[in-house]
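Below you will find one chain, with nothing else, as structure tokens; this is the form predicted on its own, and questions on how it binds or moves follow later.
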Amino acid sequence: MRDGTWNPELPLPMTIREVRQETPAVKRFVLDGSLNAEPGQFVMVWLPGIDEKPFSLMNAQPVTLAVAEVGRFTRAMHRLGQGNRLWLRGPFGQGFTLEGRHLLLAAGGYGAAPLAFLARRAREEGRRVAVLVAARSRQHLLLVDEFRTLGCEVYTCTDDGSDGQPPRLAPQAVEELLTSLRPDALYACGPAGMLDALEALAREYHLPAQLSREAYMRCGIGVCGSCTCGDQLVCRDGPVFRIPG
């Protein structure tokens, strides 16, 4: 448990309490510790002898991560089970800020993880939350049941139409929901192309938006410069960037 004496820049050991397969590529890891963190913030996870990588928080109390197997580090993560230990630094970065009473969340692929944390916080405050979960196919739709359990209105779209809806990309589905639901604010996390399209939509509809962007990060604290995005650093100035309405 983080307290006033803990330095977030030093690795904190935690033990895996539960591992759950969410999709063919994604596992949920529930740890035995908690952090004082805001939705949208991230942690650096260290596996000694392997590497250290950034992950958005799916929940902070207890710390919960959704990890997709995409490379050497995450393959090592997927081999871990209940009782294994890992080390965390953080939380780092700028998180989401809740605004408005009716929110639209757009999750592309693994981007569902930080938005589940945001949806939980918004529902606790009594806000209406609609969520679009997008993926390339039905079996890769992530955390749909989680959002429903939180009391969100859930919509899905897939590139191949295997969810029973006509094939379509996330920006097209979001524009349809902007027209039909008329939310107060848009929140999104997903691939860069999807976020660029949603930023353009937000500006066109004069809708406040907050977009969580990914980047290659090494230090997590704005020192190494590996996550430069224009004149900003994703780890320090993001990962959540605000688009004014």
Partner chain sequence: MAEQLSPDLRVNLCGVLLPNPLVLASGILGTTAELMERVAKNGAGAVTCKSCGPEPRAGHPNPTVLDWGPGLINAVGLANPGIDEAVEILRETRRRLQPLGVPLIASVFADSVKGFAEVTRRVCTVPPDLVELNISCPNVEAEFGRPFSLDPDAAAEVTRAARAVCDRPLLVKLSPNVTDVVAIGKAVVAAGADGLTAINTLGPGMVIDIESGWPILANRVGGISGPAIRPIAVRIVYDLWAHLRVPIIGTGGVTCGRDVIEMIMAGATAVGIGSAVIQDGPAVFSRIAAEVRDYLASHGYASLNEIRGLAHARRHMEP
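Predicted, not measured: the structure shown is a model, and the values here were computed from it. Positions refer to the first chain, counted from 1.
Although not depicted, the form predicted in complex with the partner chain is the subject of the following passage.
Proximity to the partner chain in the predicted complex, defined as a heavy atom within 4.5 Å, singles out one entry of L65, V43, M217, L198, which is M217. Contact annotation: P48 falls within 4.5 Å of the partner chain in the predicted complex, judged by heavy atom distances. Using a 4.5 angstroms limit between non-hydrogen atoms, D184 is distant from the partner chain in the predicted complex. Among residues of the shown chain, R17 is not one whose heavy atoms approach the partner chain to within 4.5 Å in the predicted complex. Shown alone here, G225 lies within 4.5 Å of the partner chain in the predicted complex, counting heavy atoms only. Stretch-level contact check against the partner chain in the predicted complex with heavy atoms at 4.5 Å: of 84-92, 114-122, 147-155, 166-174, the positive one is 84-92. Each of P11, I221 and D237 is positioned with at least one heavy atom within 4.5 Å of the partner chain in the predicted complex.
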